[in-house]
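To begin, one chain is listed below as structure tokens, in the form predicted alone.
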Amino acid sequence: MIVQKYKDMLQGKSVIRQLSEFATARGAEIGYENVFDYSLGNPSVPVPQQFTDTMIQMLQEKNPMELHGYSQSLGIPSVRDKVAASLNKRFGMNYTGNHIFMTTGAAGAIAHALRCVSQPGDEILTFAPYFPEYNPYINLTGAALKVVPANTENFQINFEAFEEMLTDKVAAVLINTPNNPSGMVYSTATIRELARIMTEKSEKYGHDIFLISDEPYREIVFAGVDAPYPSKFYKNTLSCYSFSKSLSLPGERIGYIAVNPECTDAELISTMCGQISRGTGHNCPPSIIQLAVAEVLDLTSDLSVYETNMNILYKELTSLGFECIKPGGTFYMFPKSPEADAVAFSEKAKKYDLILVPSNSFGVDGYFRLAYCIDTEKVERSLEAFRKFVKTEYGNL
């Protein structure tokens, strides 16, 4: 007999994926260049040339078994050492390779981190707005996701609600900064206060509360924005990273967990992750990709286009009357819908070939997300569609 809970999940298909599929189908009708698809967070800039050159050189010069054989279950030791050294240089940490566990993207990192620090029946807190896939990530471990209501004033943390919800049942707190979907970056003041409360509650309850920091957008931070490294402020932090956005490598599925050396059982967590992989089958990321990213750890793709696109959209949408907190990073924007029903708003937008994601699945009502990781030329052409949409459907906002 098949497992009913996974069968039931077929009825809860991702809204983002549904809209992306709609955009693709519509593109087949009128040409995809005429569909203003802001649905999917897929990087739109090429990988650095040095990454491509590194791949070519390795394929030409290295032993094929080194490139294509299984890596060690915790990741290739030389790669882990290089990741640790890079983080130490950038953030003033003192990681060693033993604190690094290589994963298949940030999703793989979160999957392992959750299983390291929580058990069935525990609670994991996160903050709205949040990435919808946190629901299966957490709930399928047997732990329960609890969502702290949003601070819609600035999309920092709603600390009053957080303190009320941070009970002795909570094993970990999951943050995402820079944030999908809001584009906001938690400030140093926010991270300090988060750490203070978590430290106080850990001492009160007599058990560790871990911070799992989901950081795939760490490198996409706009000019002048305060973007602290959470592990600098809270010792029991597991940083979950992906190279998908910084190097435009989402299809290569490569990332890591970095275990704060000061956290409880820091020397055991990476090896524990290796044991978790035995049960999930989520192990041994591709050797060739590990080796390649290790040569470009301090490089990124040309990420400047995202700030360019953000500024274009922010200026136009606010001039049209949309309420929107200006993003500090990522390639997402989260304006307020002109009507309370964000799903209805999104459906109306389709008539103008604007594909916008309603906010409901992000844990906030009455907003919508734009993933502006598309060509700037297309962003500029979409502005007339926005003007027509607003004027026809809403008059003056």
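Numbering starts at 1 and runs along the sequence shown. What you are looking at is a predicted structure, and each value in this text was computed from that prediction instead of being measured.
There is also a form predicted together with another copy of the chain; it is not shown, and the following applies to it.
- Note on the partner interface in the predicted complex: the residue among N88, S304, N311, Q275 having a heavy atom within 4.5 angstroms of another copy of the chain is Q275.
- Mapping the unseen interface onto this chain, T52 counts among the residues with a heavy atom inside 4.5 Å of another copy of the chain in the predicted complex.
- Contact annotation for P43: at least one heavy atom lies within 4.5 Å of another copy of the chain in the predicted complex.
- Using a 4.5 Å cutoff between non-hydrogen atoms, Y394 does not count as a contact of another copy of the chain in the predicted complex.
- Put simply, Y32 is far from another copy of the chain in the predicted complex: not one heavy atom of it is within 4.5 Å.
- Site residues A28, M184 and G224 are none of them in contact with another copy of the chain in the predicted complex, judged by any heavy atom within 4.5 Å.
- With another copy of the chain left out of view, the stretch that reaches within 4.5 Å of it through heavy atoms in the predicted complex is, among 195 to 203, 158 to 166, 227 to 235, 248 to 256, 248 to 256.
- Taking another copy of the chain as positioned in the predicted complex, none of the residues of 290 to 322 brings a heavy atom within 4.5 Å of it.
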